[in-house]
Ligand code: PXP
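Consider the single chain below, provided in structure tokens and representing the form predicted on its own.
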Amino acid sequence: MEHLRLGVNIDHVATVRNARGGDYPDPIRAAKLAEEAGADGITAHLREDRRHITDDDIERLVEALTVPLNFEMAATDEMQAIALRHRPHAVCLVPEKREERTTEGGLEVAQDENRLAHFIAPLRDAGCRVSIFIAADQRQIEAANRIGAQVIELHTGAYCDAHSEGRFDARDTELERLQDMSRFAHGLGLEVHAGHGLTYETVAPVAAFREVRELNIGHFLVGEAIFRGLEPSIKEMRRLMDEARSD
């Protein structure tokens, strides 16, 4: 059985730190605890407005981690330069708007193919695996494949929102779409990841998709850590993922 990787997003440890200033709690400490708890990688999103993760955080993560760093970023010249300086294991391109609370949807690739193809070429040449965070939409997946992305990460937010709001028909429709598009992307030769909004209640159906190789989960785990601690929270997520995969 192929191992399903868990990437732990530490952004919101930095959110708590920044709410008061200073250097506590330290997201790098959280990343190291996540490693010890069984995380296969660490995800961090350096936003244009630096609302949580900072440039110094990225620099320290590159130095401290023994598991891969997945560097989430917008497709801007500033972020490209930072990625090329640090050369993380993976770069995941995400849409970004200043007014949003969190990433609200997938990147629009199909209408921006030429620019994005030229944007990711230097990143690939530098040895970074390029991932694109997109909706479970065939048109966007085809475009991501054409521009040379090696990985896509499917946005699971609509599925998770429908579940939490009790819209179970919509939830099941979204889940079916995620499964269909996972298979489609895998058939094109893309590596398939998924994430956004996943919880203990919603992770199992997505973890069961054989085509999905990695789940990236952050906000829920940081929130759950308040009640049970970070290591137990991650270990429980790991258990649920493994159980779903074995079933």
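For every residue, the number given is its place in the sequence shown, counted from 1. Source: prediction; values computed, not measured.
Beyond the structure shown, there is the form predicted together with the ligand, which is absent from this document and is the topic of what follows.
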Contact residue in the predicted complex, chosen from 61, 217, 46, 207 - any heavy atom within 4.5 Å of the ligand: 217
Just checking whether residue 92 would be counted as a contact of the ligand in the predicted complex - the rule being heavy atoms within 4.5 angstroms. yes
Indicate whether residue 197 is a 4.5 Å heavy atom neighbour of the ligand in the predicted complex. yes
Residue-level contact is defined here as any heavy atom of the residue lying within 4.5 Å of the ligand in the predicted complex; does residue 133 satisfy this criterion? yes
In the predicted complex, which of 61-69, 174-182, 26-34, 189-197 comes within 4.5 Å of the ligand (heavy atoms)? 189-197
What residues in 152-167 sit within 4.5 Å of the ligand in the predicted complex, counting heavy atoms only? 153
